[in-house]
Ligand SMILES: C[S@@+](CC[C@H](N)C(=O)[O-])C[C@H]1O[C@@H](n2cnc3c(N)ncnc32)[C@H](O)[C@@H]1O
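Before any questions on how it binds or moves, here is one chain, the form predicted alone, in structure tokens.
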């Protein structure tokens, strides 16, 4: 079937209903992800003084590489599947664009060569590619993870194995998944004396996507590691607090209700985005993108989002307290009137962040 995204048109196989099979995989639900990637590449080109080299490490149809080439990046697509390689080459030719297509194991290629931007968008977990990608990227590392159940703690053992962290299935599970992924990427980069810090991240539907600025300085890696730590969460009253450091110091019991708490981590506790970068990316979204309106709304929400490492859901709190939910604007205004910072989040329509603890939230809003 033919697919048009942005200024390019590509051919992809008809996909089986279950979303997997023997054909080269293409996920139409990732159009928002790809549109935002195109905008990020425009921003990155302006930041660096022009387009550079771009690797789509797990190319499949090659649509990411084709879109990068259309933005004047020197694009390379890599895939271990010979049918994917043939399709990617045909899609470059179809759009009359220059692009290299390599039939190779992505890890082997990334250990051999370096690229200004490395994009890892696999089917499932990116964990097998993290080390090679951190070695290969010189400026920007872009990663998608679609295995949200392990990341969020719903598949606990799998999350521990793949990401080297303890994930917990909490009421802020989308952010748990995002911060488990960021922690794994930052730690993997640090092993190679590479500093990695996220400039744009979002958890959307069934996947997590992040863009990290990387540098080859060990001191930057040390600084990034200082933003790792643990979250201690009470499933009974929804109290939580966080503490930086690589050694957990769990609470004996919840200071709010006295029940046991759970520790999660090490998690990335630093900012998951740079507000200035998000604003710049939004300005580079154009109306020719199929998800332009959604992408701009997401950027609007992200730019204003506080950097607290967990979020709350007003409906979940209202249920816990036995009260009726109120409008989000009024809810957040009540928090601000009591001197607390508060913002909506991109995780859902009733989710928010604040520097108030759960009991202070209850007193201010009920």
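Residue numbers count along the first chain shown, from 1. Everything quoted here is computed from the prediction, not taken from an experiment.
What comes next is about the form predicted together with the ligand, which does not appear here.
- For the three marked residues, 178, 197 and 220, no heavy atom of any sits within 4.5 Å of the ligand in the model of the complex.
- In the model of the complex, the ligand stays beyond 4.5 Å of every heavy atom belonging to residue 286.
- Although the partner is absent from this view, residue 59 contacts the ligand in the model of the complex, with a non-hydrogen atom inside 4.5 angstroms.
- Although the partner is absent here, residue 81 lies within 4.5 Å of the ligand in the model of the complex, judged by heavy atoms.
- Taking the partner from the other structure, the ligand in the model of the complex has no heavy atom within 4.5 Å of any heavy atom of residue 55.
- The contact with the ligand in the model of the complex, taken as any heavy atom within 4.5 Å, belongs to 26 out of 340, 43, 331, 26.
- The partner is absent here; in the model of the complex, the one residue of 206, 104, 94, 244 having a heavy atom within 4.5 Å of the ligand is 104.
- Here the chain stands by itself, but in the model of the complex one stretch of 26-34, 312-320, 45-53, 295-303, 26-34, has heavy atoms within 4.5 Å of the ligand.
- Annotation for 109-142: interface residues with the ligand in the model of the complex are 121, 122, 123, 129 [heavy atom within 4.5 Å].
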